[in-house]
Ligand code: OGA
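Here you get one chain, nothing else, as structure tokens; it is the form predicted alone.
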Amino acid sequence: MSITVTPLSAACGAEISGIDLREPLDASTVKEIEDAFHEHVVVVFRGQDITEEEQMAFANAFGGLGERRRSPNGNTPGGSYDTPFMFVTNIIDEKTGEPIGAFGDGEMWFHHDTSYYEKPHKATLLYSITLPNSGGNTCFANMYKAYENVPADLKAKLEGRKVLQLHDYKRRERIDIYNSDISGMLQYEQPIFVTHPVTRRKALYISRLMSAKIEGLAPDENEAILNQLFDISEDPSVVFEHVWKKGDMVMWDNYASIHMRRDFPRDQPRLMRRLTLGGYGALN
């Protein structure tokens, strides 16, 4: 099998063509895809028509699947936990009136997937099944480039510090940790700067949606520095925007990127099938 890798932006992202994800992958093709993934952070496979089993088979070629966890406070969104898949959708079950999946509609702020786990998942694979007529694009920010853009004096101040990553299934709202009970929320302190275990490159590891508190900082300084880092991480120069087509499968590096969703018409269905790959271990 011969693949072609075509960069999609100066920030990150590449399309991989010449591959049918329904077919088993040989070792050399897996290596080519992995190399493109680590170089470009986000890889896109267009025009695929795959079942759940075929998506899982592809994912398993790159490591074991990530475990989904329920929030202790019961705020976990809809969708069965009997499957490794999460359905990201605004579609409502006609019988129960309940969502058939999670994170239904509207914009969703930049975030890492599972940054609030002790061992975050290394990659996410999202497959498009039903799309609205417009909107719903996914933007990816290259956190290697974001790290390079952090001023030297701020890097020196933050080197070795950790930041509390917190998730309560919000989409466009930071948790006010100073006036909220966060004990029942999924959370973990992670390094602000991480070294990717494969590429050995340093990346900024914060996001507007989930990064809450830098250790050792007073509230006012914490908010000021986090907002500065959010702006750096979301600078258009480090962002690639993917315009979805039906049958796209996109795989991204959760250590080296953050992602967000653009708004789309609330009255139009959008259905995406999501898998994650288990992590390399604790971040450092």
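Only a predicted model underlies this, so the values are computations on that prediction, with no experimental measurement involved. Numbering starts at 1 and runs along the sequence shown.
Missing here is the form predicted in complex with N-oxalylglycine (OGA); even so, the following discussion is about that form.
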State yes or no: in the model of the complex, is some non-hydrogen atom of residue 138 no more than 4.5 angstroms from a non-hydrogen atom of N-oxalylglycine (OGA)? yes
Would you please decide whether residue 259 lies within 4.5 angstroms of N-oxalylglycine (OGA) in the model of the complex, comparing each non-hydrogen atom pair? yes
Are any of the heavy atoms in residue 108 no more than 4.5 Å from a heavy atom of N-oxalylglycine (OGA) in the model of the complex? yes
Just to confirm, residue 194 within 4.5 Å of N-oxalylglycine (OGA) in the model of the complex by heavy atoms? no
Are all three residues 59, 121 and 255 in contact with N-oxalylglycine (OGA) in the model of the complex, where contact means a non-hydrogen atom within 4.5 Å? no
So which of 188, 103, 85, 147 reaches within 4.5 angstroms of N-oxalylglycine (OGA) in the model of the complex, heavy atom to heavy atom? 103
Would you mind picking out the stretch of 196-204, 180-188, 108-116, 157-165 that comes within 4.5 angstroms of N-oxalylglycine (OGA) in the model of the complex, counting non-hydrogen atoms? 108-116
